[in-house]
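In the form predicted on its own, a lone chain appears below as structure tokens.
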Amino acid sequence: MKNLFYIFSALLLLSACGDNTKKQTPTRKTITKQQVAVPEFNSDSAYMFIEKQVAFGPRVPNTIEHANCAQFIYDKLKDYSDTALIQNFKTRAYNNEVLNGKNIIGSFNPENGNRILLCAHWDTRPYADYDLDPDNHQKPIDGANDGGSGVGVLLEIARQINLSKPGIGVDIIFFDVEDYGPPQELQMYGSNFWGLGSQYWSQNLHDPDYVARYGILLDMVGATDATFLMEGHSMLYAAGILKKVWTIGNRLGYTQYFLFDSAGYIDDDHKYVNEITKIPTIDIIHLESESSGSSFFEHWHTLGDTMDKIDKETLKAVGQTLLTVIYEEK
């Protein structure tokens, strides 16, 4: 999934200050909180949604496991959203194989022109090419975190939105064929081999007139002690949105997850959404700082990306932060 490039320049963090005059009374803050009723994110439910996906087996395009999981995700999204559809498409992989892709899309409050986009990829890597055992390099992964976690969080958010409508329109897109890039042994680093579903959607919007104020991509958001750094493309295209989300996460007490540290540029789905649709989109993605750069979570693209790596506290941190972003949006 994604290539990791050079480290982004150091970020200047914004801070706000105010005085304690009588004009800024605690009453005003109290009223604001009462007006915004943010649902409680259920991490048990999100965990169950991940478990359901993993139970199908690796969700590799052109397999029965992939088709069965697509139907499960679509059925859930159809239950929760006002409208749902599957955007079927064909695309060529790095090896010239034709893949049958399915972008799964659900919309809430479709008549509301004030919209935000939430997205994740739902397919899984056909190669465990970063596994420590070379004999596993041609085996597909479970993708509990890499693929499953983002979908699980967003399905739970969809369930919550169905129970309590926010004041804005929301679209959830599960991109397909994100992770079918070449195995590392081939040394093929062209970025356009990745994110094929998001590239297709960005060039063929499900609604030709579709517009969103901004987007948020989730990728690998379920591992224990996950850290989310401020990724390069997110800062380049949507710095204000990134800082807003990180500030809300920290306000809610999730300071150990949402770190105000710069990271490299990741060729993830949000890159194509930004470059092609011009919708400013950020990536909440597990990155770990190192002296030489940033790395993905320990079991990335290995057979170890299994359900036992999923932590409900991490799911809660991401899900509650996103729900707060949605329901506080004007």
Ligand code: AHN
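Please read these numbers as outputs of a predicted model, since none were measured by experiment. In case it trips you up, residue 1 is the first one in the sequence shown, and so on.
This next part talks about the form predicted in complex with the named molecule, which is not shown.
A.B. asks: From the list 296, 49, 41, 56, which entry has a heavy atom within 4.5 Å of the named molecule in the predicted bound form?
C.D. replies: Of the candidates 296, 49, 41, 56, 296 is the one lying within 4.5 Å of the named molecule in the predicted bound form.
A.B. asks: Within 4.5 Å of the named molecule in the predicted bound form, heavy atoms considered, which of 231, 179, 142, 156?
C.D. replies: By the 4.5 Å heavy-atom cutoff, the listed residue in contact is 179.
A.B. asks: Taking any heavy atom pair closer than or equal to 4.5 Å as contact, tell me whether residue 258 reaches the named molecule in the predicted bound form.
C.D. replies: Output for residue 258 is no: heavy atoms all beyond 4.5 Å of the named molecule.
A.B. asks: Answer for residue 266 alone: is it within 4.5 Å of the named molecule in the predicted bound form, judged on heavy atom distances?
C.D. replies: Looking in the predicted bound form, residue contacts with the named molecule include residue 266, since a heavy atom lies within 4.5 Å.
A.B. asks: With heavy atoms only and a cut-off of 4.5 Å, decide whether residue 301 touches the named molecule in the predicted bound form.
C.D. replies: It does: once the named molecule is placed as it appears in the predicted bound form, residue 301 has a heavy atom within 4.5 Å of it.
A.B. asks: Give a yes/no on whether residue 194 approaches the named molecule to within 4.5 Å in the predicted bound form, heavy atoms considered.
C.D. replies: Close contact exists here: in the predicted bound form, residue 194 approaches the named molecule to within 4.5 Å, heavy atoms only.
A.B. asks: So which of 132-140, 103-111, 215-223, 240-248 is the stretch with heavy atoms within 4.5 Å of the named molecule in the predicted bound form?
C.D. replies: So the stretch in question is 215-223.
A.B. asks: Note that the named molecule is not shown here; using its position in the predicted bound form, name the residues of 141-164 with a heavy atom within 4.5 Å of it, in sequence order.
C.D. replies: Counting only heavy atoms within 4.5 Å of the named molecule in the predicted bound form, the single contacting residue of 141-164 is 146.
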